[in-house]
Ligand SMILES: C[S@@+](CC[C@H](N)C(=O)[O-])C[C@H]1O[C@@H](n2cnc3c(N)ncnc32)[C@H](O)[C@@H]1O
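The chain below stands alone, shown as structure tokens; this is the form predicted on its own.
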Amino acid sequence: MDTHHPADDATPMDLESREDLQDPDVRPATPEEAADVRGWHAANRIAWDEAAEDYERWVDGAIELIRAGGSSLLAVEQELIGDLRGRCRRAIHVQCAGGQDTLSLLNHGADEVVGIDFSPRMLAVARLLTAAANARAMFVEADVLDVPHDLDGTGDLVYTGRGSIIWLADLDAWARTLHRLLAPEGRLVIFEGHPAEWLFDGDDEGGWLMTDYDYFAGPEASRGWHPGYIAQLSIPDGEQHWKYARAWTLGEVITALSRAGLRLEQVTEHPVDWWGGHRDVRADQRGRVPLSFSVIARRA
């Protein structure tokens, strides 16, 4: 999609196990790190503050897109969300990063939008974009574990995904937050990278081959970013802050949502290469592998 910029998204697993990274530091998280939910999220907040340097570079293009009534949402997301005109007083975007996707919801018909993120530097980008576009938006600095309760029950649409879930240390707490944000008749829409994606890569002929990725490996700690997502920062990779990511299995995600009291209306797996990580695979081959998934749910 022409309007999509990789840096608009929370980054998917950073391809941290792949050989094409620029020598990042990567290791399994220790048991102590994996168990420290607050420490995990605090570290990621600092890492995303550093990464916001890249987001600051594309503000002018984002302003132009939003002012023109455009959208950075992918076609599959637009279909899932639908026309919001007259039926969405408030759309809430959880883990909104720089806010371009959040403001795109206004152009899909939401009366107002609320973006929530834990990175103050990311939110500064979002607020700059909002002011320049004169948009009906509010941005809230909060960890997903600590979203203010005055937002409870106000989201006619709650939207999240596209690389955001991997940064979470507590999937049940995340799901409970989504549940409490929903208005009584509201919809939850998630569009996210499929965790099974990492099991496959392209071969020299544009077909699929199996990688050595472990689907059940658990959390990783890393420094540095894949250059396809976050361009070279002024801070050298080895001096950047450690961050933690976990490719939660599809079963873990669905179970957490159900356990939080959400009624799942639709769970769909898609062959959509949402972040463009498999450009070396022929188009006729991409339809064979689930590269993303979506969920539509309501409060039970």
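Don't overthink the numbering: it's just position in the shown sequence, from 1. The structure displayed is predicted, hence computed values, not measured ones.
What follows is about the form predicted in complex with the ligand, which we do not show.
Q: Which residue, T177, S119, S71, S222, has a heavy atom that falls within 4.5 Å of the ligand in the model of the complex?
A: The residue from T177, S119, S71, S222 that makes the contact is S119.
Q: So the ligand isn't shown here. In the model of the complex, which residue out of A183, A124, A142, V189 has a non-hydrogen atom within 4.5 Å of it?
A: Of the candidates A183, A124, A142, V189, A142 is the one lying within 4.5 Å of the ligand in the model of the complex.
Q: Looking in the model of the complex, any heavy atom of T130 within 4.5 Å of the ligand?
A: Looking in the model of the complex, residue contacts with the ligand do not include T130, since no heavy atom lies within 4.5 Å.
Q: Does the ligand come within 4.5 Å of any heavy atom of V114 in the model of the complex?
A: Because no heavy atom of V114 falls inside 4.5 Å of the ligand in the model of the complex, the answer is no.
Q: Since only the chain is shown here, I'm wondering whether W198 would be in contact with the ligand in the model of the complex (any heavy atom pair within 4.5 Å).
A: No, W198 is distant from the partner.
Q: Does the ligand come within 4.5 Å of any heavy atom of H41 in the model of the complex?
A: The answer is yes: H41 has a heavy atom within 4.5 Å of the ligand.
Q: Pick from 106-114, 130-138, 206-214, 161-169: which stretch has non-hydrogen atoms within 4.5 Å of the ligand in the model of the complex?
A: Contact-bearing stretch, as computed: 161-169.
Q: At 4.5 Å, heavy atom to heavy atom, what parts of 43-82 sit next to the ligand in the model of the complex? List them in sequence order, or say none.
A: Result: W48, Y55.
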